[in-house]
Ligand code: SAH
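First comes one chain, alone, set out as structure tokens in the form predicted on its own.
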Amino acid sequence: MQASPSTTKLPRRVSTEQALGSYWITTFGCQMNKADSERMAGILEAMGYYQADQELNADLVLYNTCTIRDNAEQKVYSYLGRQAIRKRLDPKLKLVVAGCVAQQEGEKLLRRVPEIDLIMGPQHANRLETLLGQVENGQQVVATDNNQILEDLTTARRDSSICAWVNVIYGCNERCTYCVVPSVRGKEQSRTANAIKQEIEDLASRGYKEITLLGQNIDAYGRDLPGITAEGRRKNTLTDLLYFIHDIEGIERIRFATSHPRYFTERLIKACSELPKVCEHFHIPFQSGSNEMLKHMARGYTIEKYQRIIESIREKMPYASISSDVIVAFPGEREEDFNQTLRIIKDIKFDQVNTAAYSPRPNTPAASWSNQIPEEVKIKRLRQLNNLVESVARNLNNRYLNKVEQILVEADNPRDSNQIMGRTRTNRLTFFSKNGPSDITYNVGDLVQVKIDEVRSFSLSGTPLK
């Protein structure tokens, strides 16, 4: 999952005359952070805040941070620097740092940026109102202790009116040697199936058509919940959840992310092939094509097992798209290890791959190893990998040319006012005209049959048929 900042853009719901003030949220990182930002924006609006017209005018600025890569973390400090200058001129400004950098750094952030009012880890997102109350009472608050995440179905203010994130499991119990996530997001906490279903039913009643089930390691869903079947397996698994929510009226599409090859089962693949609403798109990180590197990463599977998973998916769903995550230049990676990664890209032919050069993270085993790869080698390998990924994706996209795809309209094309955009079931971004045959005008939420006329590496364009 890539770590780039985005702004939570939500409708204003509060009269400015009655409001506590304006807020601005910038989100760095993964889908989990975006979902957390929507919940925190909802809390702020329920309290009486409204969204500012721009960051530098906001009365409350919140950075929801990511620490998965060092460059993402450094961006946070850059953003904080300009807000610290503002706060010295305007002490009423409230400055909040949430998310993974907040959890990782805790009070150390205050020593670096003493202007911060509130530091809160991801497990405290739903406590934002309570924590801001402490700030109002004159406290400088650091909330990074382990916390049971509370159910709250009413607070999220969605960025989209059609597609929604739905958290099903928080935290991660894995111990990959490069990854800081378990230490900043805490242990696994699964929501109950009934609570998840209730949230999705509420979304459907408000016109949402697509939901994406989210978890840092979504295949682990339910293993902390009670219940064993007569066959001796867990009652609450991701597969069971898909069957449980599938028939909710109004929901047209179901997606889920992010999967872990160690726990990805044949039963799950079978369910995805049988359930019409589950989209034919799978995001399954493989991280390295070398078994030696996978062992050092403590990933818990071999590349042969990964390949068998992909083969099984394509046997049951030949048209399915596969995306992945890859790390190059992990400590000790030899040229032959790197070449094995390139070979897997060529053999499997991924629709998309999120790539990154290894970045040492605090409190992870690999950060202290002596066999770190030189920076110039990292840059060279990452460039070579990216060129291959783009080439493979472009060639793979040719399978869409002249085919008719069902597109769920998500928004206007920000670069062309005459176009709208949406995604195929296989998650390929597609652009087409707002106006179809017989003077039909398409709107957000419509499902449109589109003949694909043009393919690019990571997007498509087409002509609506009806």
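The model shown is predicted, which means the values in this text are computed figures rather than measured ones. Note that residue numbering follows the sequence shown and begins at 1.
The following text describes the form predicted together with the named molecule, which does not appear among the structures shown.
Site annotation in the predicted bound form: the residue of 239, 287, 167, 290 reaching within 4.5 Å of the named molecule with a heavy atom is 287.
For the residues 327, 142, 220, 393, the 4.5 Å heavy atom test against the named molecule in the predicted bound form is passed only by 327. At the 4.5 Å threshold, heavy atoms of residue 358 reach the named molecule in the predicted bound form. The named molecule is not drawn, but in the predicted bound form it has a heavy atom within 4.5 Å of residue 216.
Contact check for residue 258: a heavy atom falls within 4.5 Å of the named molecule in the predicted bound form.
When the named molecule is considered in the predicted bound form, residue 60 lies well away from it, no heavy atom lying within 4.5 Å. Stretch-level contact analysis of 340-348, 248-256, 88-96, 279-287 against the named molecule in the predicted bound form, using heavy atoms and a 4.5 Å limit, identifies 279-287.
Along 51-88, these residues reach a heavy atom to within 4.5 Å of the named molecule in the predicted bound form: 68, 69.
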